[in-house]
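Given as structure tokens, the chain that follows is alone and in the form predicted on its own.
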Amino acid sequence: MLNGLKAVLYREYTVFRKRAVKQIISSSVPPLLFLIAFGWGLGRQVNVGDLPYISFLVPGLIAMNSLNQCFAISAEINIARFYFHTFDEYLIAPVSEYEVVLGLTIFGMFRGFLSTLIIFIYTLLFGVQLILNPVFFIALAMHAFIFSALAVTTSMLVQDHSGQNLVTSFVITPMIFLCGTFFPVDKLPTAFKYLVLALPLTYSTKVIRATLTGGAVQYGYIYVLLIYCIIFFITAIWTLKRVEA
């Protein structure tokens, strides 16, 4: 199993290395704009609970940016499937579905971790003080795993590149804005509160924010994230098998 996994990771890393500068720059700009617009615009003049808004915002940006970078592998998979047909190499190679899914998911996690590192650098520039709880690394890893596996799942389900754009527009973008990244979930209307409780980003954002701001970590949310990890990993394998069939 390890040889196949290494092969998938090597292939993805080789492609990433050629595009690294462009991808790092593209993942650096959106959170910087949010920090300038909301961090300096609202900054420390507005509080969310006991936190200055900028301290509330940074964990949300980490959740948002890492999600975007993890899920972005879906677009690359679709390009490889529909345009260059290089994804067929995985399907005909003596590599199991588990190795392919795990390799792609780990690569997506790597992109998510890299985007998180960028935001930590921004916090130094903006003077935001964070309290780093070790549980943060567990929560971030599970968060990245969920949305990387979800990216693999959706990229296997859609029939063309425009279908992936619909998933981003109608699932990922609403999730980002409704799941507590920019404002507390309890400010939502009641109907939306129940909706966001079914979405994994709500729980990962809550845990990430608590572990970076000194809040109380709800360990039950960790188990919820674990369930999502298992579900999306299984669906990714199942959808890949359907493509092979």
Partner chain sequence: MVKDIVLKTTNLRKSYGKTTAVDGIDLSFHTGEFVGLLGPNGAGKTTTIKMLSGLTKPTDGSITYFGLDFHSNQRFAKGVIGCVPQINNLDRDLTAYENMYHHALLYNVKDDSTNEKIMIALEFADLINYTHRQVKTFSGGTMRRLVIARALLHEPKLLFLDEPTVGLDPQIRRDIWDYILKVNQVKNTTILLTTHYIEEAERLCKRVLIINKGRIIAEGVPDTLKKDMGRYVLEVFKQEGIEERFFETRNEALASLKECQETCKIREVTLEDVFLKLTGRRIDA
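Because the structure is a prediction, the values reported are computed rather than measured. Residue numbers count along the first chain shown, from 1.
Same protein, other form: the form predicted in complex with the partner chain, not shown, and the subject of what follows.
A.B. asks: Among 170-178, 84-92, 122-130, 141-149, which stretch has residues with heavy atoms no more than 4.5 Å from the partner chain in the predicted bound form?
C.D. replies: Of the options, only 84-92 has residues within 4.5 Å of the partner.
A.B. asks: Answer with one of I234, I227, V21, V15: the residue that has a non-hydrogen atom within 4.5 Å of the partner chain in the predicted bound form.
C.D. replies: Selected residue: V15.
A.B. asks: Considering only heavy atoms, tell me if Y10 and the partner chain come within 4.5 Å of each other in the predicted bound form.
C.D. replies: Flag for Y10 set to yes.
A.B. asks: Please check if S96 has a heavy atom lying within 4.5 Å of any heavy atom of the partner chain in the predicted bound form.
C.D. replies: Within the cut-off, so yes.
A.B. asks: For the heavy atom contacts within 4.5 Å of the partner chain in the predicted bound form, list the residues of 112-126 involved, in sequence order.
C.D. replies: Going through 112-126 in order - heavy atoms within 4.5 Å of the partner chain in the predicted bound form - there are no hits.
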